[in-house]
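Below, in structure tokens: the form predicted on its own, a single chain.
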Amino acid sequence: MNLRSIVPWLAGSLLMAGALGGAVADESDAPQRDYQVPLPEAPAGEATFQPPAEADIPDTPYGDMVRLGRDLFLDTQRLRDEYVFNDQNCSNCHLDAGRLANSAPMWASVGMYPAYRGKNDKVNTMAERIQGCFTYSMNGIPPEYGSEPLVALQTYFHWLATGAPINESLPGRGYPGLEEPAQAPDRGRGAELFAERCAICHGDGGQGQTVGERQVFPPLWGDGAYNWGAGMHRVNTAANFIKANMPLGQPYSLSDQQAWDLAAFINGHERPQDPRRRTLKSVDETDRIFHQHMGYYGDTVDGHRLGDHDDYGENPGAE
């Protein structure tokens, strides 16, 4: 793990630094801007907003686009080889078709955009935010402005947010943030937990699970997973998601430490290259500019430097 972002809570602990497989860098080496700065966390408290029921989707052209967006959200693999180049669906990270509180529900995000995002250092519209998910979480190519998939997804999110306030961060938005762990996240402990609690759905090798040709549980590493640019590759983001949502159907059944350890184990595996690497000279440069946060990109784990490869999965890149 790149420790430059967690020096304050690991300061003075060389043993912890060794357990994480990284080294504390001189702070003068850090870039001036953190390109992974997220939106502010959601306010505490139980989610009170309820999105409309699917039975209430109107029988109109607008409703038809809502249904298409819902279907693409649940089965994003329908866009495989055009916009999607891994084995993920939107609903893998946004459970219950984007409706579930504390699972980054879409009804809570619509009213927060346009918004500045440090990740690309600009104000993003909701369309650009969705395009970013295709680029990183789907290891894909973003749908064009005005294209049917992009309009359909935007329309679905707009409908889910029917009655929600604008420019107000709602309880249940995003993934609840965890406190810093009592112990440094440990991949060894995480491996044991993964075998006990996660492999039944995600496979012993993190390859996910299919039924027929349908991907029902997503891969967590390897070419079918989110790439090194996705927000979920950050250990803290994955820990937050795991704590509130995993194992499936058993939210908050893991301790905070277990969530951190699982996130470290999962994200300490190789995955498709960060697509921003295509325009940069080296892994070192990509690491320095884009990975000054809680992740393993550029770190040596089990004798292998993660991210030091030209494997972009199935993504052919820009033509």
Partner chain sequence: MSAMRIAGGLGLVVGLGLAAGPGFALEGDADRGERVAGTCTACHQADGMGMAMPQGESWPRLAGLPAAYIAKQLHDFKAGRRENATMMPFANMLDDQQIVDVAAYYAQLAPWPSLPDDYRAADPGKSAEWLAERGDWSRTVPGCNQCHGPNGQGVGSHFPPLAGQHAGYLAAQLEGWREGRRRNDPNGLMRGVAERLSDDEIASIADYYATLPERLAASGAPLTGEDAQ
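Numbering follows the first chain given and starts at 1. Small disclaimer: the values here were computed from a predicted structure and weren't measured.
Here the subject shifts to the form predicted in complex with its partner chain, a form of this protein not shown in this document.
J.: Tell me which of 175 to 183, 144 to 152, 124 to 132, 204 to 212 has residues with heavy atoms within 4.5 angstroms of its partner chain in the model of the complex?
T.: Within 4.5 Å of the partner lies stretch 204 to 212.
J.: Is every one of L95, R99 and Q250 within 4.5 Å of its partner chain in the model of the complex, counting heavy atoms?
T.: Looking in the model of the complex, the three residues L95, R99 and Q250 all sit within 4.5 Å of its partner chain (heavy atoms).
J.: To verify the annotation, which of these, R117, R197, H158, R189, has a non-hydrogen atom within 4.5 Å of its partner chain in the model of the complex?
T.: None of the others qualify; the residue that does is R197.
J.: With its partner chain left out of view, which of E41, E54, D256, D284 would have a heavy atom within 4.5 Å of it in the model of the complex?
T.: Partner contact (heavy atom, 4.5 Å) among the options: E54.
J.: Does at least one non-hydrogen atom of R277 fall within 4.5 angstroms of its partner chain in the model of the complex?
T.: Judged by the heavy-atom cut-off of 4.5 Å, R277 is well away from its partner chain in the model of the complex.
J.: If you check in the model of the complex, is R78 within 4.5 Å of its partner chain, heavy atoms only?
T.: Looking in the model of the complex, residue contacts with its partner chain include R78, since a heavy atom lies within 4.5 Å.
J.: Is it the case that H293, even though its partner is missing from this view, gets within 4.5 Å of its partner chain in the model of the complex, heavy atoms only?
T.: Close contact is absent here: in the model of the complex, H293 is far from its partner chain, nothing within 4.5 Å, heavy atoms only.
J.: Examine E82 and determine whether its closest non-hydrogen atom to its partner chain in the model of the complex is within 4.5 angstroms.
T.: No, E82 sits far enough from its partner chain in the model of the complex that none of its heavy atoms falls within 4.5 Å.
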